[in-house]
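Just one chain is shown here, as structure tokens, and it is the form predicted alone.
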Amino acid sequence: MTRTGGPEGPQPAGSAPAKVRVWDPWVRLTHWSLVLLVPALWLTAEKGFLSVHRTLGEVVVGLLLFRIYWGFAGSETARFASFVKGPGAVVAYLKGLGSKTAGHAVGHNAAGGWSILLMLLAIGVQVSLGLVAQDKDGLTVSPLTHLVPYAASEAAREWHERVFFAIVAVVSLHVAAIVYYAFAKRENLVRPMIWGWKLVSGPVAPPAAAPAWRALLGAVLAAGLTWWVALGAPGVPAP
């Protein structure tokens, strides 16, 4: 992944690199889980393993709910406020993108932050459509199919298939950015997402961490809401 708030100007010459914890375990767990689940969802849909596909989709719902929660209550680099920047910051970042001497953000950079938000949005739309869709024969239904009219469920299935291509496009852009950074900037963006830390030149304050109880609370809330959805949202009247 690309990265968040932190100094983006040139670093002092000769400064010793410092090992800084950038990504907390919860961000990394969510990230790599989605990396595995998105192709698994495509494969199970293509092979017709719809019951497995449904279960994996519900897992994605839980991960997204937790990531949204963590975007407000999590560690500094996980919070949306730290990496969702305005147009001015994005334009300024893109103007200096070709410079090999440009400084680096500690977390998501101004452009990368929006790519992460776009990816979460695309996956969120995808699973939302999947929750109300049914298969072509109407034999396999999703947890919330009963809450929408038949025509809406049919349309949701069609759009569920189409939105997948949007996810592929966003992921491809994301991978292209990682490759660009590796060769043009000589910066490995994958390693910090695996181990959590990176080497940063110059005086950089370590991003603020979040207490473990917040992650536990978020996991419980996400799991509970996902379980309620998987049961068909009992208590919500059908139209």
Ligand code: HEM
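One rule holds for the numbers: they count along the sequence shown, beginning at 1. Remember, it's a predicted structure, so these values are computed and weren't measured experimentally.
Below, we refer to the form predicted together with this ligand, which is not included among the displayed structures.
Trainee: Would you check, heavy atoms only and a 4.5 Å threshold, whether residue 75 touches this ligand in the model of the complex?
Mentor: Judged by the heavy-atom cut-off of 4.5 Å, residue 75 is well away from this ligand in the model of the complex.
Trainee: Although the partner isn't part of this model, could you tell me whether residue 187 comes within 4.5 Å of this ligand in the model of the complex, counting any heavy atom of the residue?
Mentor: No, residue 187 stays farther than 4.5 Å from this ligand in the model of the complex.
Trainee: Quick one: is residue 53 in contact with this ligand in the model of the complex, heavy atoms, 4.5 Å cut-off?
Mentor: Residue 53 belongs to the contact set for this ligand.
Trainee: Does residue 183 reach this ligand in the model of the complex if we count a contact as any heavy atom within 4.5 Å?
Mentor: Looking in the model of the complex, residue contacts with this ligand do not include residue 183, since no heavy atom lies within 4.5 Å.
Trainee: Taking the partner as it appears in the model of the complex, which of 169 to 177, 208 to 216, 193 to 201, 53 to 61 has residues with heavy atoms within 4.5 Å of this ligand?
Mentor: That would be 53 to 61.
Trainee: Of these, 114, 164, 80, 93, which has a heavy atom no more than 4.5 Å from this ligand in the model of the complex?
Mentor: So the residue touching this ligand in the model of the complex, by this definition, is 164.
Trainee: Can you name the residues of 115 to 136 that have a heavy atom within 4.5 Å of this ligand in the model of the complex?
Mentor: Result: 123, 126, 127, 130, 131, 133, 134, 135, 136.
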